[in-house]
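Two forms of the same protein chain are encoded below as structure tokens; each is given separately, as structure 1 and structure 2.
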Structure 1
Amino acid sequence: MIKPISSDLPTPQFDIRAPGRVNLLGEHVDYNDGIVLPAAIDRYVHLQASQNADDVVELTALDLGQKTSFPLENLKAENLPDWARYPAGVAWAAMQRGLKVSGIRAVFTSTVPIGAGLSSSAAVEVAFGALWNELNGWGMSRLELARLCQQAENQFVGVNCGLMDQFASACGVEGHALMFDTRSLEYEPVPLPPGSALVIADSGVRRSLAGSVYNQRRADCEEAVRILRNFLPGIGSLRDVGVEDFNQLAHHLPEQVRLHARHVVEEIDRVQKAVEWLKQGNGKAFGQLMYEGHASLRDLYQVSIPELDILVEIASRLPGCFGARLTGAGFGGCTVNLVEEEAAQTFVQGLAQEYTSRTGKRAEIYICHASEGVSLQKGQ
């Protein structure tokens, strides 16, 4: 028996949990064919649903105290509240592929904070994707499901994101980060360094304008490729541009495009080195690259904010911290910290106190665990 989360749906047919994620390294490279290192975390979207008799989707977002319903025919994002665009987008993307999508009554709640860079929207998409995959017998693998959800976000919601977030929520492996090559779509779980803990520090600052700035950054990367192709014919993306080639050719790029593209080229290189350290279990060397990654997001890609810089700076002085950086798209949200397990509790307290005394703001800081990807349970 499934224990219902809302009296709106006392006997749900399906119960689904889809996790949020942190990214350890490889930021803003997933739409440049790079390698990323996310981990699913123990914060979830929890969805319960039953099939409806007609082709209508009835949704309740328990945390927001909001309901909406819409027919599956003729779906348009602008007719829906923001939060309903993610489930609707998944249905839309599936129907684009000619897949059957049934009407449902669904209720959901989430422990993934919204707009904090921990992929709350991907978790919603993956939860609904997993539901319809089961209900309508699509037979999709987890990776295919992630791609469908990415299409929903790109084409229905209008954020031109890469595949990392949906991938992590769908394919997470307990205790592991996932080394995910966004070009070949191959992935390998890599254990976190022995004796280390993952600490998330939420600056409390929520993203604003993230969608549009994000899309602009992506457009800059594409422009860099267009220009560099004059000198390096045959490149498909910034993944194909080595650091040395970039150094020689960078002066051909307009200033902002140059800074942004430099971040991507160097970050792709950094992840390749970092993966080796991770495989050797060397938290210290890996952490050093996290700090470098943060500096690059701050100075070159320009997606950090003072609160995130302060969190990283404080963390770097606390005992037992291997590395710290902003995680996710930036513009607010969280840092991820790799910390010696034994020092983790003291680290959490020290970081919280100093952050408040420096900024007057309160950070929510917690130790998190790398977790399984989406899971589904059927009722009787």
Structure 2
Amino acid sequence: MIKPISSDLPTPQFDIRAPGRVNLLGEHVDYNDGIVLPAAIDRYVHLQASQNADDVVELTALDLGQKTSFPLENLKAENLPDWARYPAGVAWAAMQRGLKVSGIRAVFTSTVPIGAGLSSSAAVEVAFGALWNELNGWGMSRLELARLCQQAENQFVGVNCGLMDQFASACGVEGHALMFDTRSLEYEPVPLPPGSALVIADSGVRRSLAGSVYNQRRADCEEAVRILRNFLPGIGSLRDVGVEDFNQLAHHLPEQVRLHARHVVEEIDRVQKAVEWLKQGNGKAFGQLMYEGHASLRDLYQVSIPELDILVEIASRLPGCFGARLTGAGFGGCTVNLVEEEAAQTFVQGLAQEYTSRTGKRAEIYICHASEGVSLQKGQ
């Protein structure tokens, strides 16, 4: 028997939880065919639903105190409130593929902080995708489900995200990070150090990633490939450029292009090293790569801000911290810290107090653990 989360749906047929995610290493490499290292976290979108007799979707967003409904035929994003575009996009993407999508009555709530860079929107998409996958017998694997949800966000919502967020929410493994190859879509769970926690610190600065800045970074990476192809004819992206080759050829690149491309080449190399350290259970060596990754995002890719730098610098001096870095696109948002479980509470207190004293801002800090991906329970 499923315990209802709202009187709006007294007898739900399905109960679904889809986690948020944090990226531990491999930042700004997804659009360069690189390898990323996300983990699903134990903060969830919690969805309950029952099938409707007609082809209408009725939604209640409990946290917002808002409701909406829409017919499944002729779906258009502009006709919907922003929050409803994510589930509607999943329905639209499925129907684009010729899949059956049933009308539903659904309520959902979330413990994934909105706007903190922990992928609350991807968790909403994956939760609804898992619901319709079960309800309509699509038979999709978790990776296929993630790709459907990415299509929804790209083509219906209009956000040109990579696959990592939906992938982590769908495919997470408890106690593990996920080494995810954004080119081949192969992935492998990699164990996090036993007795460790993921502490996520929200700087309180909302990300203001201007499209022009993001687009310029992408353009610089593409320019680097264009120039380096004169010397390495077979390369398709910066993923194909090793650190040694880059060092020998970097002087051919304009300064800004060289800085940004160097971050990507070295970050991909860091992820490959990090996987080996994690497999060996060496949290200290992995943490050092986190610090190096942050320095690279600050100095080479130039996407950090003083508040994130301060959070990392404070964390590096607190007992029990293996490593820290900004996570996400940068220009605000969060840092992620790998911390010994037994030191986590003291770490949070120390980080919060010193951050406020140095910046005058308040950091929201969450102790999390790597969790399983989306889960679904049927009612009686």
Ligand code: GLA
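Computed from a prediction, not measured in an experiment: that's the story for all the values here. Think of the rigid core as the biggest set of C-alphas that the two forms share within 1.5 Å after superposition. Residue positions are counted from 1 along structure 1's sequence.
Here the chain coming from the form predicted in complex with alpha-D-galactopyranose is structure 1, while structure 2 comes from the other form. Once the rigid core is used as the reference frame, the Cα position of A122 differs between the two structures by less than 2 Å. After superposing the rigid core, the C-alpha of A344 moves by 2 Å or more between the two structures.
Core-superposed comparison between the two structures: the Cα of Q150 travels less than 2 Å. Superposing the two forms on their core, we find that the Cα atom of E266 is displaced by 3.3 Å between the two structures.
In this core superposition, L232 moves its Cα by 5.3 Å between the two structures.
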